[in-house]
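In the block that follows, a single chain appears as structure tokens, in the form predicted alone.
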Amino acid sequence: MASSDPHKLMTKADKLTKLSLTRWSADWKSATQLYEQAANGYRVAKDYEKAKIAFEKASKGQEMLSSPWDAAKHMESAAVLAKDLGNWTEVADFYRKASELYTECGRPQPASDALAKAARSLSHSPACSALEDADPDDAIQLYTDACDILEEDGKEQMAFDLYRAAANVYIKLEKYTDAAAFLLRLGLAADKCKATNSQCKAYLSAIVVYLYAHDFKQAEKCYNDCSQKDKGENVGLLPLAYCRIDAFLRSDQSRCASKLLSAYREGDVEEIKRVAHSSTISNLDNTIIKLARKLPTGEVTALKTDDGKDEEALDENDLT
């Protein structure tokens, strides 16, 4: 039937949106229905490029009809097709537009979900042989924006997986300081939700990341910041007013971190490996477990030597 031909449906819909001497206003209601029919027809025929275009136009039509929810749904459908076509720029753009439309509806959860879908598409592209071949920087920004939406709505707990995903991308890019920062952000969010277990795991994970990057001083600083008992001042990476300090100090994760740092100070490679293979480490995310299993990544005997020199310097100046 002629009415089921997507090409003819598109042509008819386009005419309804264009003004002429005989048409002084666009008929978006009729045109949008035709665009939707055409999009489905093209998709069934596996003509994904034309289906994508039809869904874009159907989305615009729903916007013109003041229906941002339906417009967002169509934009997500266009994003899925763009992903199938390997057009990663359009994937990000379409999901961002869908997120904006969901926000217009007052729906922060699907708005955040749309950005997360885009980020996952960019950081796990099946067509790419390596992460760098996609757009990891854009993926991280999308994860960040998705987290921001949920934080602003007071739904930090819904963002836990997004914090972890962003940290994982940073780790794959070997940007360990950024990865640790996102893990600490997860710890802060977990604190607000009183999710103590997730918070403690996040802090230990950040310490493992610093140690993997062979940044013992930052790992030690991170542990000290998370273990401060005196609230009300800003110390290091975390505002202490937000930390469930006592809970962390009593946790298995805190004890594990303390043992790791002590083993580094002593230059005890075997102890480092033993702690890195402990059950507490095994309960962290897989990406962090893999890093921990490779510890130590650098020379640790120098740490013991440096500590010894510091102690000698203190003794020489000891006037008591």
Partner chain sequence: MSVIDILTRVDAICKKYDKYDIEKQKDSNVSGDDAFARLYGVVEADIEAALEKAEAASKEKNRASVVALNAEIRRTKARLLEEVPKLQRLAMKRVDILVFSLNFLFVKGLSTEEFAARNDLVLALPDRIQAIPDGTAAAPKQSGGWSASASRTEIKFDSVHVQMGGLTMNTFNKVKSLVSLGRSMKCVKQSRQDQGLEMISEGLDTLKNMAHDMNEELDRQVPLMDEIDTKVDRATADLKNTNVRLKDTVNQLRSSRNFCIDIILLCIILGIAAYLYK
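Residue numbers count along the first chain shown, from 1. The structure displayed is predicted, hence computed values, not measured ones.
Heads up, the form predicted together with the partner chain isn't pictured, but that's what we're talking about next.
- The closest non-hydrogen atom of Glu152 lies beyond 4.5 Å of the partner chain in the predicted bound form.
- Interface membership of Phe160, defined by any non-hydrogen atom within 4.5 Å of the partner chain in the predicted bound form, is confirmed.
- A residue is said to contact a partner when one of its heavy atoms sits within 4.5 Å of a partner heavy atom; Leu173 fails this definition for the partner chain in the predicted bound form, lying far away.
- For the chain shown alone, Glu271 is not a contact residue for the partner chain in the predicted bound form, no non-hydrogen atom being within 4.5 angstroms.
- The putative spot formed by Ala195, Ser198 and Ser279 is fully lined by the partner chain in the predicted bound form; each residue has a non-hydrogen atom within 4.5 angstroms of it.
- Checked against the partner chain in the predicted bound form, the candidates Thr89, Asn224, Thr177, Gln109 yield a single residue with a heavy atom inside 4.5 Å, and that residue is Gln109.
- The contact residue chosen from Thr287, Gln33, Ser258, Asn283 relative to the partner chain in the predicted bound form is Asn283, the criterion being a non-hydrogen atom within 4.5 angstroms.
- Comment: 160 to 168 is the region of 77 to 85, 95 to 103, 160 to 168, 209 to 217 lying near the partner chain in the predicted bound form, near meaning a non-hydrogen atom within 4.5 Å.
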